[in-house]
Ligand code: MRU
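What follows is a single chain, given as structure tokens, in the form predicted alone.
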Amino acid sequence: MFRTIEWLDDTREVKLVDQTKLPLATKHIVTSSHERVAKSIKIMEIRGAPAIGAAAGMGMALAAIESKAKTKNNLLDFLRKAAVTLNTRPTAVNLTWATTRMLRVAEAAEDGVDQIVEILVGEGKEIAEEDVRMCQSMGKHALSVIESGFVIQTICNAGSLATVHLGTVGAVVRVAHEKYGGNIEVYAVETRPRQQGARLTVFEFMEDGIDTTLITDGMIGTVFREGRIDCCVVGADRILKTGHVINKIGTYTMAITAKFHKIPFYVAAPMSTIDMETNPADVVIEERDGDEIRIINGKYITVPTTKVYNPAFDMTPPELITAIITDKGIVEVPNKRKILEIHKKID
């Protein structure tokens, strides 16, 4: 698969895939504006926790260039405002993780303004490269739990398009697919209301020649009961120190149903997705526009004025999770002590 986002050295711009156009067309957005990157994050032209983290890092690098600051203090003031602009979605922790990291690098630098700008460009690119390495590592760790012949069910999109390249769930599937000579299958849940499973996951796995079957959200229990699935692997937008996982709406339902049917339920996410500060009760779940549910393909499917509740994410408690697959290893039956132990492995 192609890269979701990349830095263009020649023009000092960011190039990203417009995921709202997939799978019917492959379009790119090229910009030198951090505000345009922020808009892409907000309207989900780029989405997926690791991908928007990389976008935020590159957006901060663009902001440093845009600032044209003459002093470090002026540069930092501009960057702090840019961070607020880029932090457009409240649930995925990678977004604020990346903007905070870029600010800390700028604050710690003792060079001149021009040098700090170049340091930030390098740091934004490094965030993206780290993501690629972390995904590769997750895929390798997952081989200890994914066997040849497995049929894996996932939800939403945690493949290449949710990261810089390869994916979280995508890495688990792709590494196993290569290791076992193609003897891996995927069931992709459609994922209402934005259909990321149908539009994105199916698209990229079929592009890679991976046997993929699409089902609607309401079919999860049936395919479990019929014995079609060996395990579930989902991504995460935030993992709390308690082991609670915040991911696309419908993940909690899948986890409960998997538990009933004794199907292993795995979460694949890089260490940057782990939030060691926030408690479960304090997580802000993004609620999106009701028209995402009222309208399909530009037409209302219900009473246009009906009330809608449209949370973008839900929270799965650790007792429903078989293991969390990270780039530093696997946390089986996650809890606060185990999350803390693996968090200490961050360099």
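Since we're looking at a predicted model, the values are computed, not measured. Sequential numbering from 1, following the sequence displayed.
There is also a form predicted in complex with the named molecule; it is not shown, and the following applies to it.
Chemist: Residue-level question: is H34 within 4.5 Å of the named molecule in the predicted bound form, judged on heavy atoms?
Modeler: So H34 does not count as contacting the named molecule.
Chemist: Is H244 close enough to the named molecule in the predicted bound form to count, meaning some heavy atom within 4.5 Å?
Modeler: The answer is no: H244 has no heavy atom within 4.5 Å of the named molecule.
Chemist: Does any heavy atom of C156 come within 4.5 Å of a heavy atom of the named molecule in the predicted bound form?
Modeler: Within the cut-off, so yes.
Chemist: May I ask you to state whether G57 is within 4.5 Å of the named molecule in the predicted bound form, using heavy atom distances?
Modeler: Answer no; every heavy atom of G57 is more than 4.5 Å from the named molecule in the predicted bound form.
Chemist: Please name which of the stretches 236-244, 178-186, 202-210, 76-84 has residues with heavy atoms lying within 4.5 Å of the named molecule in the predicted bound form.
Modeler: That would be 236-244.
Chemist: If you check in the predicted bound form, do A162, Q196 and K248 all have a non-hydrogen atom within 4.5 Å of the named molecule?
Modeler: Checked in the predicted bound form: all three residues contact the named molecule.
Chemist: Consider the chain as shown here, without its partner, and state which of V308, M44, I295, I29 has a heavy atom within 4.5 Å of the named molecule in the predicted bound form.
Modeler: Exactly one residue meets the criterion: M44.
Chemist: Which one, R101, R174, R89, H141, lies within 4.5 Å of the named molecule in the predicted bound form by heavy atoms?
Modeler: For this set of options, the contacting one is R89.
Chemist: Scan 47-65 and note down the residues that get a heavy atom within 4.5 Å of the named molecule in the predicted bound form; none is a fine answer too.
Modeler: Contacting residues: R47, G48, A49, P50.
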